[in-house]
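A single chain comes next, written as structure tokens; it is the form predicted alone.
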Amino acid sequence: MDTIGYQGLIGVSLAMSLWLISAGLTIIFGVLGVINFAHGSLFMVGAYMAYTFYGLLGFPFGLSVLLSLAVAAVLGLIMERGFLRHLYHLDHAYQLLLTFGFVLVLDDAVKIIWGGVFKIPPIPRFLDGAWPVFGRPFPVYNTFLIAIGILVGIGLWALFEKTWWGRVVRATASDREMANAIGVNVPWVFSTVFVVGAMLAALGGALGTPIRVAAPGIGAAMIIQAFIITVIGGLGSLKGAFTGSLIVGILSAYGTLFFPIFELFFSFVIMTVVLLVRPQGLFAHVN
């Protein structure tokens, strides 16, 4: 039983990393209606920028994470205002093609700037070490990730439910034409939402860097899991993204323990079952 409990905690810490990237993906889709295939590349950018600021330049870890978010915010703003804005009225296929193009460009940019060798900085000293849980040493950094994931969840709930900006965003997501008619600057809302989503993806990458290698192509692997999570939880639902992240993270942890060859298989099985029983996802609203 101790092994089961310990592996469950490992799964929860993995789930919090997945939650950060999935939250950004589902926010962007829920408001802009854009399926952003390049969202995983923003995760990759966050990881590499954190490695650069913390691992190479020696900046404090917290400052490095904040600088990584700033870079992702600027990149997200360029992507939305310079490119995606011109495709909102077109079919989703055009958006997918454009965002897939971003994936190729950013992957090559990473190879040119940092090379193709894996990068991983040391864990910050104040987050290094472990404490006994279920008779085994559980890393302090994993506990930190769980705490950050929960705090981000609470922060997003407060942001969207308790602030003026959140009410404007929810009104725009519900009916953008009506929001525009009553004076809401819809393009500004779209830009800020995309930037928030980009920063969430980069936060996942930056915080994951000390325990997960930064490598070209890591974004593609992450976006697959993020899409599985959003399909399970329901596109556009933050509650669904959080629940889906827990399901996928815990399944991955137990799959690694008991059936390592089929680790990702179980996530696809859950997604398939959800699509068959409730195609809109567990928490999506039914029109």
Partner chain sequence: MRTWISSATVMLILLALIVPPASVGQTACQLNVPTLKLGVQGIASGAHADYGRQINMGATLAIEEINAAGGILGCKLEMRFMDDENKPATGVKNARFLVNEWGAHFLYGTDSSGIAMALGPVLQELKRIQFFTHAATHRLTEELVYDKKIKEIVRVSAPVYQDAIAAWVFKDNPEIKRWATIGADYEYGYATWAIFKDVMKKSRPDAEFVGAAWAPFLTLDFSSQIAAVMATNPDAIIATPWAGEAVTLLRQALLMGVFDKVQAWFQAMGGSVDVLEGISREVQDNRFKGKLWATARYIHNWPNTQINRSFVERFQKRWSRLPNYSAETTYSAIYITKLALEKAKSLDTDSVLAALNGMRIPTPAGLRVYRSEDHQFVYNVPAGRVVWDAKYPIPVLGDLVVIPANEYWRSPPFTAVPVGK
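Numbering follows the first chain given and starts at 1. We call the rigid core the largest set of C-alpha positions that still match within 1.5 Å between the two forms. All figures in this text were calculated on a predicted structure; none of them were measured in a lab.
Omitted here: the form predicted in complex with its partner chain. The next part is about that form.
Subject >> Ala130, Pro210 and Gly217 each touching its partner chain in the predicted complex (heavy atom, 4.5 Å) >> reply: Contact check passed for all of Ala130, Pro210 and Gly217.
**OP:** Name the stretch, out of 151 to 159, 118 to 126, 68 to 76, 193 to 201, where some heavy atom lies within 4.5 Å of its partner chain in the predicted complex.
**Re:** This holds for exactly one stretch, 118 to 126.
Original post:
Can Leu63 be called a contact residue for its partner chain in the predicted complex at 4.5 Å between heavy atoms?
Top reply: Leu63: no, not in contact with its partner chain in the predicted complex.
**OP:** Answer for Met222 alone: is it within 4.5 Å of its partner chain in the predicted complex, judged on heavy atom distances?
**Re:** Yes, Met222 lies within 4.5 Å of its partner chain in the predicted complex.
**OP:** Considering only heavy atoms, tell me if Ala23 and its partner chain come within 4.5 Å of each other in the predicted complex.
**Re:** Ala23: no contact with its partner chain in the predicted complex.
Subject >> Non-hydrogen atom contact Tyr141 with its partner chain in the predicted complex at 4.5 angstroms >> reply: Contact with its partner chain, yes.
Original post:
Core-aligned, does Gly55 move its Cα 2 Å or more between the shown form and the other one?
Top reply: It does not reach a 2 Å shift.
**OP:** Answer yes if the CA of Gly255 moves 2 Å or more between the shown form and the other one after aligning the rigid core, and no otherwise.
**Re:** Yes: Gly255 shifts by at least 2 Å between the shown form and the other one.
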